[in-house]
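Read the single chain below, which is given as structure tokens and is the form predicted alone.
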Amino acid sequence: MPIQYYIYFCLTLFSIGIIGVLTRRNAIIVFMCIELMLNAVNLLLVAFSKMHYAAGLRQDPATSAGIDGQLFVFFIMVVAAAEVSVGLAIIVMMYRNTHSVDINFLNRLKN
């Protein structure tokens, strides 16, 4: 499959995530849109890694080029799992204190 398909698909996913972050007021939906953007970037990194591996394999059959992107995605997923746990804990504490997950309500907490 050509790399352009992956680029267009990831661009669409990332755009949906950006639109969701900018237009929604629910903290859980905003959090899910941020995760969608992160997963779009991960998918694109894996696609480029696969493309680089195929190009390196043509030059040297015993190459390990192109594995770096997949390792990077693995570490991003580990950090994203930690981010999910911390982010959901913040959202739960916000709901316990304000009985709402509306992010516009957080502006009142400044005073």
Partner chain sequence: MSTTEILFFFLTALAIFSAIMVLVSKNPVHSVLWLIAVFFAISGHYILLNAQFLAIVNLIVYAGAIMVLFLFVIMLMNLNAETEPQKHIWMKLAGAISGGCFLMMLVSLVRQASELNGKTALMAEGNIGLIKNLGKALFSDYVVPFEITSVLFLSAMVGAVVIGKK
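Numbering follows the first chain given and starts at 1. What you see is a predicted model, and the numbers here were worked out from it, not measured in a lab.
The following text describes the form predicted in complex with its partner chain, which does not appear among the structures shown.
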Even though the partner isn't displayed, in the predicted bound form is Thr98 close enough to its partner chain, meaning a heavy atom within 4.5 Å?
no
In the predicted bound form, does Gln59 have a heavy atom within 4.5 Å of its partner chain?
no
Going by heavy atoms, what in 86 to 103 lies within 4.5 angstroms of its partner chain in the predicted bound form?
Val86, Leu88, Ala89, Ile90, Ile91, Val92, Met93, Tyr95, Arg96, Val101, Asp102
